[in-house]
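The data below hold one chain only, encoded as structure tokens and taken in the form predicted on its own.
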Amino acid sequence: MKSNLKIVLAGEGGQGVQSIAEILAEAAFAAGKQALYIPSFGVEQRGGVSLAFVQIGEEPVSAPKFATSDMVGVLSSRSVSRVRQYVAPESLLLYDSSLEEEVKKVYGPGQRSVSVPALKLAEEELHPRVFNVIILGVLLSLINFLPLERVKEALERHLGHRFAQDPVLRELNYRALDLGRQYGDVRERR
């Protein structure tokens, strides 16, 4: 890796954008990488657009925010245009398939992108609340240098208190992570 990977994640408050970012950064740090996570959201938190900035790599992180990103993950309609300033032609835009029309309207057909039916997969195969973990799984597959075990450990530290209250949540989250990774692996081969 020549420089740190810069990732922006965006969605509505309550969609788990900050959780994904924190888990990525924590897993990277546990794997011996340099990692930084900076949250950015308004006072409304739940219901407002939530942004998260993550940097992962071998080099020390020189600045917490950045002008353009290597990857952008978009989880909601309002966040599609909100992250526009961080998307360069070489950035990879990862988004939920339900946002296809909005993404085409804002970015056009030339933007590097990966469309994932995360919400549909979550609703049909798991539970709507784990759709963000499906996105995390796809990110993990696309990043391809973070060990799965470190991500699972970070997931446990972040959500372990909820898993203790309802063990079914652990299974749902792990299945969502695996489903996302599988989907990302397939997309990567295309």
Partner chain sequence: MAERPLTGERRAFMAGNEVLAWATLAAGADVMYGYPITPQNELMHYWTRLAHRFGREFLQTEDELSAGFATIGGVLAGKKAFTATAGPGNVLMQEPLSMAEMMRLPVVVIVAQRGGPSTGTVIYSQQELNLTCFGGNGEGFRVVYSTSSHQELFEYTLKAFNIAWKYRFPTFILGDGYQSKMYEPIILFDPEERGWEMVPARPLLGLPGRPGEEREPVHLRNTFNLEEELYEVVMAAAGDYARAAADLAEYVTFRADDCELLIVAHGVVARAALAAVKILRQQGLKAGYFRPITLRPLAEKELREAAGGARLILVAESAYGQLERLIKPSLYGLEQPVHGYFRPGLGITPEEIAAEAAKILNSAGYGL
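Everything numeric here is computed off the predicted structure, so don't read it as measured data. Residue numbers count along the first chain shown, from 1.
The following text describes the form predicted together with its partner chain, which does not appear among the structures shown.
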| query | finding |
| --- | --- |
| Candidate stretches 58-66, 135-143, 119-127, 159-167, one within 4.5 Å of its partner chain in the model of the complex by heavy atom | 58-66 |
| Heavy atom of F131 within 4.5 Å of its partner chain in the model of the complex | no |
| Partner contact for I38 in the model of the complex: its partner chain, 4.5 angstroms, heavy atom | yes |
| Proximity of A10 to its partner chain in the model of the complex, heavy atoms at 4.5 Å | no |
| Heavy atom of L177 within 4.5 Å of its partner chain in the model of the complex | no |
| Heavy atom distance at most 4.5 Å to its partner chain in the model of the complex, all of E22, E26 and F29 | yes |
